[in-house]
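Below you will find one chain, with nothing else, as structure tokens; this is the form predicted alone, and questions on how it binds or moves follow later.
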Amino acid sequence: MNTSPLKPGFLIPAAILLLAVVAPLLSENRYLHHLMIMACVWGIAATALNLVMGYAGQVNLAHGAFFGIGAYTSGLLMLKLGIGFWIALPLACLAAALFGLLIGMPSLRTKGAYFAIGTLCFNVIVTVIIDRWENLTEGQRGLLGIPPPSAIPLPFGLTVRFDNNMVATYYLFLIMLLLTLFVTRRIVISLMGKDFRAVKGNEELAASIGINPFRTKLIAFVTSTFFAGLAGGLYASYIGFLSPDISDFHVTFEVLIQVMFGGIGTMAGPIIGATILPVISETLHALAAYRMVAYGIMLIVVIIFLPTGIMGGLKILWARCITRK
């Protein structure tokens, strides 16, 4: 049996990690640092969506709503109640997970496309509530002035500050992304991860061997919403401003395209999609509303020519190279 670690599934994440660690040291370009910070935020969001869709097979179309719940919970706690970032962030994750539990319990009992439709409706409802509940969310005026992460004291009187320090912010967000990947990886390779894939393959067959499909799907869904809340909370502290648009279905579809573009059901695929597509999105920014049309065309092209995403294409290419040897 070939136990060599020289496989795309090992080499690509290792190369991405090495590049991610040294990249801010190679350039002082603040726009590049901004793109890397946003790649970490979207990488967390895409990894979270990949867990429930790629491994558990549940089409969640409310990911933007949970991202928005995390962002607004964190922003409101810091602005309205004066709670610090390091307490507001985990509370934002828990708030998103709580809503995930409340929505998942009834909707995951449905079959077929009803779960996707139900989550899409929830996404719309959350955006409308944020838009109309002006006394709390400021509606279209938005939440302005959300503070950055609080400084971290170090030994010998040193302090890591995140206000106007994009490199420190980037490394903080990179650590959060790596923690998300570590937890997700541990889940995927565990017995629970095998249950995810069994339910994705055939619910009835999984139930016949003792797996509880509803409980399995609920765990995947709630875990996914927890990390969507984490991405939203980090986004709020970095951007400093929130409007209802940050929770709408456009966010859901952007993250969905990132996952499918990079390779759904793989660990590295969502990170690749979350790194490449925001750059393309910035390039297409002049197209305004037509940007989603361009995204849609891109998704169609990927589905036709790379149905398993970039990671799937690389695995096929690697397998052909090995076969020729």
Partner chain sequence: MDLFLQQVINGIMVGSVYSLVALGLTIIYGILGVPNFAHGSLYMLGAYFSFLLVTAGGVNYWLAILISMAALTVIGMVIERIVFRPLVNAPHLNSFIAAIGLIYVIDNVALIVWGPDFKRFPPLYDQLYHFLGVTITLHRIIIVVTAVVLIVLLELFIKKTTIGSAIEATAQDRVGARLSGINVTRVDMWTLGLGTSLAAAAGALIGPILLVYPAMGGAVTLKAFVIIILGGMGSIPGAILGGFILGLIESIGGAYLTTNYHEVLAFGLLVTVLAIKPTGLFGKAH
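On a predicted model such as this, the values are computed, not experimentally measured, just so you know. Residue numbers count along the first chain shown, from 1.
What comes next is about the form predicted in complex with the partner chain, which is not displayed.
Here is the short version: of Leu120, Leu79, Ile219, Val188, the single residue with a heavy atom within 4.5 Å of the partner chain in the predicted bound form is Leu120.
The contact with the partner chain in the predicted bound form, taken as any heavy atom within 4.5 Å, belongs to Phe249 out of Tyr171, Phe249, Phe85, Tyr238. Interface membership of Met53, defined by any non-hydrogen atom within 4.5 Å of the partner chain in the predicted bound form, is confirmed. By the criterion of a heavy atom within 4.5 Å, Leu284 is excluded from the residues contacting the partner chain in the predicted bound form.
Contact annotation: Ile304 falls within 4.5 Å of the partner chain in the predicted bound form, judged by heavy atom distances. Lys194 falls outside the set of residues with a heavy atom inside 4.5 Å of the partner chain in the predicted bound form. Note on the interface: of 147-155, 221-229, 85-93, 111-119, the segment with non-hydrogen atoms within 4.5 angstroms of the partner chain in the predicted bound form is 111-119. If you take 174-201 and check each residue for a heavy atom within 4.5 Å of the partner chain in the predicted bound form, you get nothing at all.
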